[in-house]
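Two forms, one protein chain; structure tokens for each follow separately as structure 1 and structure 2.
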Structure 1
């Protein structure tokens, strides 16, 4: 019970960044001295600080506010992509305190090389951490199917991996508890925990640069399906007259709204990358006619895809992430109109559209949250397993 209460307080402080003792007392239904006692234990453990908050009323006694101790504990968060690797040190409270982006376009097909590259980067971040700060775990985001029960990476076609104990290997190398999850699931969870989907239970995140993927939350939990493959929405067919897709069909979401679609529509070379993509969007924003028209055409098919997902999932919110988020910010009305035309009235009236609030940090944020989970469940017990 005490463990549970300590966990609840630490979770509140972690999620919200700060929490007054008065609010914790009210929320948890405990008396003031019990809360004071619990907060004192967390303070002594080096997890939180107490500071005086400005009083709400003139006459009131200023309430004490509880905040994460910035140099107390942290986790390492790893975002491994087909073309990128980012490793961050994330403090209790969720702030990214330090971050390293490893050069892109590396070949991750050799597991040993990849584990070592990540571990080296983790070591660098740990050495740069303030002395006394304790690392309590590492969270990994991977572009593949993860077996939920034991974290085995089942299948990562774009990395060329099948059935590798990736998390376990990295955890052993670093001597840290390691947790691993699918990048799309983590992206959706991150938006739910700290982003555009905060407070929403039914969430669809559409993302991806070339392949289009979906991170879907049903009742606050990732939709995984039987084997973890759910959310493959890239081959929803949106454009009856669209291009031939690598899947053999035509007019898939992937061919019609991927980054190359916008480049092609604007007369640019497909594959010329995100700078060219952003250039088209910037020129569209500046009113350059060809780019305006190109963005509108792609935005239309994106909206059709959104509409299909609205009908299928009746979500609270559909979040556009990555290049799709940038496109959405430039063409929100067009996307919304096309989505409205291809969805039914009732679910349409209940949905919000939004660009990702976390952007490219979503996987880092999600991986960090995963890594913090044991600490938030049992603060003192978890800490006792990690010496400074």
Structure 2
């Protein structure tokens, strides 16, 4: 029970940035002295700080406020894409304290090279951390299908990886606990706690650069499926007469939507990178005919995908993240019209469409939340195991 209560307090402080001891007492139904003892234990462990809340203008005796101590405990968060790799040090409370983008636009399909590049960057960030700061784990966001029970990366078609123990290899290299999950799933988790989906219980996040993934929350909980493979919305077959997909099927949603799809439609070379993608969007906004037509076609397919998800999951909100978010911001009316034509009236009336509030940090934030989970569940036990 004490472990549960410590975890509850730390989770509240981590998620919300601060909590008064009076509010914790009311929310948890414990007496003031018990809350005081629990907070004191977390303070002694270097996880939280206490400060006076008197500056908030309350009458009477002020309650002490409990805040996270981000420089005391941190995790390393890795966002691996087909053509990008970012590694960050994220403190308790969710602040990104330090971040490195490793050779942007590089091809990261070589597993050995990728593991070594991530490990070297993690070592660099750990050396730069304040003396005494403790790293309690690594979270990895990957564009692929991850088996939930053991973290095996089953299939990452756009990286060319099959059945790779990616997390285990990195964890062994760094001598740290490493956890791994699909990038869209982590994007949904991040948006739910700290982004555009805050306060919503039924959420779909569509994201991706080359492939397209879906992170789905039902009742505030991730929808994982039998083996953890749910959410591969990029492989919904939307165009039977479409292009061959890397998964082996034809006309998958990700062949019609994404950075390469827009570049191809605009007559640019697929794989030209995000600068070329944004150039097409900018020229579409300026009225250049070919770019306008390309953006409209891809936006229409994006709306078709949104409509399918609205019918299937009846979400509160559908969030478009990464390059899809940039496309949505440029073509919102087209996406909304295609989504309306592809969805039923009842679920359509209940859904909101939005671009990601976290932008390029969504997967970093989600990976950090994943890595923090053991600490939030058992704060003192996790630190003890780390010290051992």
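Numbering follows the first chain given and starts at 1. Not measured: the values here are computed from a predicted model. In this text, the rigid core denotes the largest set of C-alpha atoms whose superposition between the two forms falls within 1.5 Å.
Comparing the two isolated copies of the chain, the first one is the form predicted together with a further copy of the same chain.
The Cα shift for residue 330 between structures 1 and 2, taken after rigid core superposition, is 2 angstroms or larger. Annotation for residue 139: C-alpha shift under 2 angstroms between structures 1 and 2, rigid core superposed. Fitting C-alpha atoms of each rigid part between structures 1 and 2 shows the smaller part swung round by 16° relative to the larger. When the core is overlaid, the C-alpha of residue 273 ends up 4.8 Å from its other position between structures 1 and 2. Taking the core as reference, the Cα of residue 289 moves 9.4 angstrom between structures 1 and 2.
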